[in-house]
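The chain that follows stands alone, in the form predicted on its own, written as structure tokens.
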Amino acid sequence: METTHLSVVDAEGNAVSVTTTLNGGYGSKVVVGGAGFLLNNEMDDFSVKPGAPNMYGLLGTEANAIVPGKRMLSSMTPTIVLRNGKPYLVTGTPGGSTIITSLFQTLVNDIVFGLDAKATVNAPKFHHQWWPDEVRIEKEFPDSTRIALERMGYTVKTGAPWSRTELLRIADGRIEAVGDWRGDDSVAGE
């Protein structure tokens, strides 16, 4: 519909992490004649006017103004983590402004907390993007953490899941593949 991600590792250990987007639903709503694909509406990732939010609520500044020769800001973060010079994690996710926080949490779940691959991807997520000044949490997020955040003065909004992280973990000669429970994701291998 909008953004998609795929992670691939082949039998020789080559890895690719790809995120591509239309940005909003159906992108610019323009189909390339004779080619059959839609053009994106990434212009929304520029700042049309300083202080005005884009479709994801992100506030733009003069630094991200529409100017010839510039590239827009983007949250797309296809990621390959190396261990001993070889791919260890191949990951990424769609999700607009939530991509960076979702992917960060996935990496921390693996690298810092040592969770298994399935828990690394499927653990409840939170998101804060400065504006609006609120912490978004998924319904499955622990109540104790939500209460602690509210006691610290944060505005916490509980809502539907937003991340759909894909993860390949290559360790000990094995490839573990996890498709996020939040979407219609799938994994395959030989």
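Residue numbers here begin at 1 and follow the sequence given. Computed from a predicted structure; not experimentally measured.
Not pictured, yet referred to below: the form predicted in complex with a small molecule.
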{"item": "Contact test, all of 79, 92 and 104, partner the small molecule in the predicted complex, heavy atom 4.5 Å", "value": "no"}
{"item": "Contact stretch among 40 to 48, 126 to 134, 60 to 68, 144 to 152 - heavy atom within 4.5 Å of the small molecule in the predicted complex", "value": "40 to 48"}
{"item": "Partner contact for residue 2 in the predicted complex: the small molecule, 4.5 angstroms, heavy atom", "value": "yes"}
{"item": "Contact test in the predicted complex: residue 109 vs the small molecule, heavy atoms, 4.5 Å", "value": "no"}
{"item": "Non-hydrogen atom contact residue 120 with the small molecule in the predicted complex at 4.5 angstroms", "value": "no"}
{"item": "Contact flag, residue 17 vs the small molecule in the predicted complex, heavy atom cut 4.5 Å", "value": "no"}
